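Quick heads-up: it's one chain on its own, the form predicted on its own, in structure tokens.
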């Protein structure tokens, strides 16, 4: 499975999802279904990626002219009002639009627009490109403190545990990647999206360098940031390639950015605007509706087809304990797409379910595999699967949906199966991303290097004792289990 499918795998140990309530992520949920004003921040030290593979350069798509033109003519950000909370790096966002800016220390604008040099950083999870990459990729995933959260006393176990889990999971994960050609196509597709975005921006008279930063594989976010520094970018827009925000995807990448920017004098003064979510944008909604309408036309009786949205799941604890807005945003996203289809005269029934759950912990329901069986039992004969949380083809679409879920659906009585492709480089989608970048530019502000009391909460004695107790139990179970001892002996030493 790709990285996102493994997020929260250990949350049943109270070291991930259930302890997110004690992290620095907080979301205001005064308005339901994603229309909230959210404030997000995270502080944590980040170790280097311990992978025995030569470093690769971050992708850089450079425009022929590095000068960004017509800044005064750029469209405004259309931010609606809302309360803001100061947090670790004062990361502020309005969920209704998806922008966030790092402020307070605003860098003075250059005297002339020609001195501006715009950069756009695309963020994604990354994926192993060969079968040999699978185990170190999984190691990077589980070495993320947002995935396995250990008390300070047991921080020394972070990497050994990541090594152990990656070794144990690698064989099964390799089977999945082997089934789709031996590796993830995510980097290739993201590179193509970066190039397409550069050209779409140039068509709007905005010249920019486009960078790709992956969270768990090459080119890493850290590599992209180093290239941004070398290029002396003067204004940066950060665009995660996740339509909906989750602390396990966008949130984790933002934490890395905060950590890097905090420690660097140049970066801490760089005006930055982050587009935290963009599922409500009309261009995205219409692009999804276009794909669905096209695929419906391939069925003998399009009006009888059930539109089946399959979204990537997250542990329930992320939503209930940490206030992750992912579920609300996903439900609103589906509502907006169906409204667009209804306006086109398409009134098919639809269903939302969540895929890619891992481990015994509770994940968002209903589960995709269970719903497919239920639909077959209820007599649904035609079904169109829509991978709603993915904008690129990868293992969750190519193997999990196209192979596992398709077979399950056909076995359950569904006769006609179809699947909407991921957006990829669809022109209307890329054009809308370019619009989002242009709209975000005026709100770019410099990061603040201030720290707040959230970091100090890690030193709360009661919280520390609870974490210590839980960590002790986990360490005892893991280190004394015969299977674990055998794995350590065979693979770690």
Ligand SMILES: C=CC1=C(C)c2cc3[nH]c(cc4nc(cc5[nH]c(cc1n2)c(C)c5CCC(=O)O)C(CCC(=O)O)=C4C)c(C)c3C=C
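Residue numbers count along the first chain shown, from 1. Model, not experiment: these values are computed from the prediction.
Just so it is clear, the following notes concern the form predicted together with the named molecule, a form of the same protein that is not shown.
A.B. asks: Given the pose of the named molecule in the model of the complex, superimposed here by the C-alphas around the site, does the shown chain leave the site open or is it blocked by 3 or more ligand atoms within 2.4 Å of backbone or C-beta atoms?
C.D. replies: Site status blocked, 3 or more atoms under the 2.4 Å cut.
A.B. asks: Taking 4.5 Å between heavy atoms as the contact cutoff, choose which of 272, 372, 141, 120 touches the named molecule in the model of the complex.
C.D. replies: Contact residue from the list: 141.
A.B. asks: Scan 249, 258, 190, 277 and let me know which has any heavy atom within 4.5 Å of the named molecule in the model of the complex.
C.D. replies: None of the other options qualify; the answer is 249.
A.B. asks: How about residue 161: is it within 4.5 Å of the named molecule in the model of the complex, going by heavy atoms?
C.D. replies: So residue 161 does not count as contacting the named molecule.
A.B. asks: Residue 307: heavy atom within 4.5 Å of the named molecule in the model of the complex?
C.D. replies: Looking in the model of the complex, residue contacts with the named molecule do not include residue 307, since no heavy atom lies within 4.5 Å.
A.B. asks: Give a yes/no on whether residue 211 approaches the named molecule to within 4.5 Å in the model of the complex, heavy atoms considered.
C.D. replies: Although the named molecule is absent here, residue 211 would stay clear of it in the model of the complex, with no heavy atoms inside 4.5 Å.
A.B. asks: Residue 348 near the named molecule in the model of the complex, any heavy atom under 4.5 Å?
C.D. replies: Heavy-atom contact with the named molecule at 4.5 Å: absent for residue 348.
A.B. asks: Of the listed stretches (170-178, 332-340, 263-271, 221-229), which one has a non-hydrogen atom within 4.5 Å of the named molecule in the model of the complex?
C.D. replies: It is the stretch 170-178.
A.B. asks: Though the partner is not shown here, which residues of 388-408 have a heavy atom within 4.5 Å of the named molecule in the model of the complex?
C.D. replies: Result: 389, 390, 394, 395, 396.
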